[in-house]
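Just the one chain here, the form predicted alone, laid out as structure tokens.
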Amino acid sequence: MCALEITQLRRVYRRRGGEESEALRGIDLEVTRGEVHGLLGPNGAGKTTLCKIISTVLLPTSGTVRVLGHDVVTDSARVKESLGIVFGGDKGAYDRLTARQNLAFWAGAYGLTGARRRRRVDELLERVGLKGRAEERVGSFSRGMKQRLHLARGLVRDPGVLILDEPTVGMDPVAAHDFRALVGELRGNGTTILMTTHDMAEAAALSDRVSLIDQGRLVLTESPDTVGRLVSSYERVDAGNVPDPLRERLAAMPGVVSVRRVGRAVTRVETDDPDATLAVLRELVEAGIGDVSRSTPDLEEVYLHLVGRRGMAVDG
């Protein structure tokens, strides 16, 4: 049985004046029980909108979403019972209350009372590594500690499905590492997790499968290794003061994706093959271009190529 079953999901935002903006454009996705599924995409790709629909915060314009067999529109109460959600950032906790008081409040809101609530709060504080800081006010916590508290909140109901929306955004490397370790423990316990991120390394480290989303459309769904190979196959070479005839020659070379200016005197050559990168470097050196650097493009740039926007023309 699928933990998440999404079929032809669309979400259209209607703005003032009747203008429409389509955030999700026919998403089809299945996530099996016990799977950790990474949803990768640049800012504005539709990741958060998708999470809000799954968690019943937003209604779909069309299409269906089922969580453990329950429809998010017609059976939203059952969906809420089986789902936990953790949004990135450090907002949402009550800074003047202690970690224990925050969790007790949230547990009460979910219907837990008395000894059952106290026991669950203790369990969660232990689980996310905050037992020793339970009586401290949350306002004194680091961003990483606050995010651990948000994770505890998402686990109050012991959900079958957990949504993590950019869970490590803004964290320092140590805090992000610790948070990922907690997610790994949940994975080991069989919790189904949908995690959105723009960090390829994070998705690769935690996910069984990864989906790429761009402008509201799913581009592909593969294993992290496959997506990683796709991303790492792209490289870029930046060179200063490249004359136009040389730029034309570079654009015509096999494996060159695009040639464009990124500054007044800098030309950027993007390739999708290591041999092409070496050929470009050789051509530049033989032409006497000394100001040359080689790097890997960021994920958003790679998406532009994966969704078919390959441009061989030389941009002025």
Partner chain sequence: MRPLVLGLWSGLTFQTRQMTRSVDSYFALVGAPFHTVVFLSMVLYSGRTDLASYTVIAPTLMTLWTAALMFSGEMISEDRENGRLEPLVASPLSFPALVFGRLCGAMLISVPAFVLAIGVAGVFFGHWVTVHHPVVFVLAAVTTALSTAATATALSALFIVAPGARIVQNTLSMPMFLLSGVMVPVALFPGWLEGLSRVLYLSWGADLMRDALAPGPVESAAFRLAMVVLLGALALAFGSATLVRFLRRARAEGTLSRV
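Positions refer to the first chain, counted from 1. Rigid core (definition): largest C-alpha set, two forms, superposition within 1.5 Å. This one's a predicted model, so the numbers in the text were calculated from it and none came from an experiment.
The protein also exists as the form predicted in complex with its partner chain; that form is not presented, and the subsequent description refers to it.
Undergrad: Work out which of the listed stretches, 195-203, 212-220, 166-174, 106-114, brings a heavy atom within 4.5 angstroms of its partner chain in the predicted bound form.
TA: Only one stretch qualifies here: 106-114.
Undergrad: Within 4.5 Å, heavy atoms only, which of D178, E81, E126, D208 is in contact with its partner chain in the predicted bound form?
TA: Spelling it out, the residue with a heavy atom inside the cut-off is E81.
Undergrad: Which of R118, R137, R187, R143 has a heavy atom within 4.5 Å of its partner chain in the predicted bound form?
TA: Here the answer is residue option R137.
Undergrad: In the predicted bound form, is there a heavy atom of its partner chain that lies within 4.5 Å of any heavy atom of G92, even though the partner is absent here?
TA: G92 belongs to the contact set for its partner chain.
Undergrad: Does R260 reach its partner chain in the predicted bound form if we count a contact as any heavy atom within 4.5 Å?
TA: Residue-level check for R260: no, no contact with its partner chain.
Undergrad: Do R33 and its partner chain come within 4.5 Å of each other in the predicted bound form, heavy atoms counted?
TA: No, R33 sits far enough from its partner chain in the predicted bound form that none of its heavy atoms falls within 4.5 Å.
Undergrad: Consider T49 of the chain shown here, and say whether it contacts its partner chain in the predicted bound form, taking contact as heavy atoms within 4.5 Å.
TA: Contact check for T49: no, nothing within 4.5 Å of its partner chain in the predicted bound form.
Undergrad: Contact check in the predicted bound form: A252, A279 and R294 versus its partner chain, with a cutoff of 4.5 Å between any heavy atoms. Do all three pass?
TA: Not a single listed residue reaches its partner chain in the predicted bound form, so no.
Undergrad: Do any residues of 8-25 have a non-hydrogen atom within 4.5 angstroms of its partner chain in the predicted bound form? If so, which ones, in sequence order?
TA: In sequence order, R11, Y13, R16 come within 4.5 Å of the partner.
Undergrad: My question is whether S82 is one of the residues whose C-alpha shifts by 2 Å or more between the shown form and the other one, given a fit on the rigid core.
TA: Where the cores coincide, S82 shows only a C-alpha shift between the shown form and the other one that is less than 2 Å.
Undergrad: Is it true that A99 shifts between the shown form and the other one by 2 Å or more at the Cα, once the core is aligned?
TA: True for A99: a C-alpha shift of 2 Å or more.
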